[in-house]
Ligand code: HSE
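Before any questions on how it binds or moves, here is one chain, the form predicted alone, in structure tokens.
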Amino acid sequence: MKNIGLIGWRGLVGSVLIQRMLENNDFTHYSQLNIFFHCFSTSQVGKQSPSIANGCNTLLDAYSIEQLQQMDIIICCQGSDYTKQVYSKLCDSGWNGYWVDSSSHLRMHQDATLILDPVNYQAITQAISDNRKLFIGANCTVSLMLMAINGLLKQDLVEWINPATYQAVSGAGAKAMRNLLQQMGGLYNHVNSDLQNVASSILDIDKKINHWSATSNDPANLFASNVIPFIDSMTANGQTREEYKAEVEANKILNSNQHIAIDGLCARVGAMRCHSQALTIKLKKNLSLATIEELLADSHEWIDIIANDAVATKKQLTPLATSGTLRVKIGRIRKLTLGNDYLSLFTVADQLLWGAAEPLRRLLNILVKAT
């Protein structure tokens, strides 16, 4: 019998994880293997647990080291603050189970294996074989970037990458998603009477929108009708931490002797879900576009290559067309005028799936089979 603890299952990433496990009948499958799930809570201890096959009926205390010790595997989606408070105490208590975390706190820990099995399956299975117990989900844009260009990376064709990310508000959490909708409604209500008047000036409407935005309660986090080119905190060299993560986490996942330079700009945009990225890639050699597209498409089963034309791009290569799916879409593939070894492409994928919940779900499956 194995006991698996779920922490942070009510949050955005945790909710998507539970949804994916239910869609794939994971809980039913695990119950047949005599595996029990236990939901933990930081605020509702003792209340009714969600209905999960073969699960505990009441919520356990997420701060109880004694209760956490009973778990063979812990899946944590509670965030870095919780991990900082609990993980070291749990390890100090002598616990020797598997800790699987979606937050950033332990990503660069020397014992941590970053998980993205379509890209680094062998590294994951080797870590399990080596009795390593710490498995962490990588930064969402890093994971989506590697999923998109894995075909080039596997052939050691990439010298450096300059990404520009256009990150949906869901990357900032459920509250940010609600804020976006409220802001969109606020903007509309503010100019609704002008919109109904066909004689009204669009410049006057624009002025009202700007005034409403400037006088809002939190203009620094105004997502509607806006782009915010700053995510996370500043580092010493002028990068944001979100930009810093691209190079260090990608290279840790790839675990190659050939370090790839990766640096760019990260921005928050007014999309609800799915992160988009424009990638400028310096290739190590000149390849035809047909060969590049073939390498990308053959990397794994979730790639969609979108033709570089107006109709296909506008219809398929967007967050709205990708939301809620496991598809990793790549389009606008072309050589830059800088030279034949400079490649440009645009990619979109759902960061709540491949960028967060899905690697956790798949890692759990790998752990159960291996142990």
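Just so it is clear, the model here is predicted, and its values are computed rather than measured. Numbering starts at 1 and runs along the sequence shown.
If you look for the form predicted together with this ligand, you will not find it shown, but the lines that follow are about it.
- In this form the binding site remains open, since this ligand, overlaid from its pose in the predicted complex, puts no atom within 2.4 angstroms of a backbone or C-beta atom.
- With the partner removed from view, the residue among 180, 74, 136, 140 that has a non-hydrogen atom within 4.5 Å of this ligand in the predicted complex turns out to be 140.
- Contact with this ligand in the predicted complex, defined as a heavy atom within 4.5 Å, holds for exactly one of 158, 222, 209, 231, namely 231.
- Screening 187 to 195, 250 to 258, 287 to 295, 267 to 275 for residues having heavy atoms within 4.5 Å of this ligand in the predicted complex returns a single hit, 267 to 275.
- The putative spot formed by 167, 171 and 242 is fully lined by this ligand in the predicted complex; each residue has a non-hydrogen atom within 4.5 angstroms of it.
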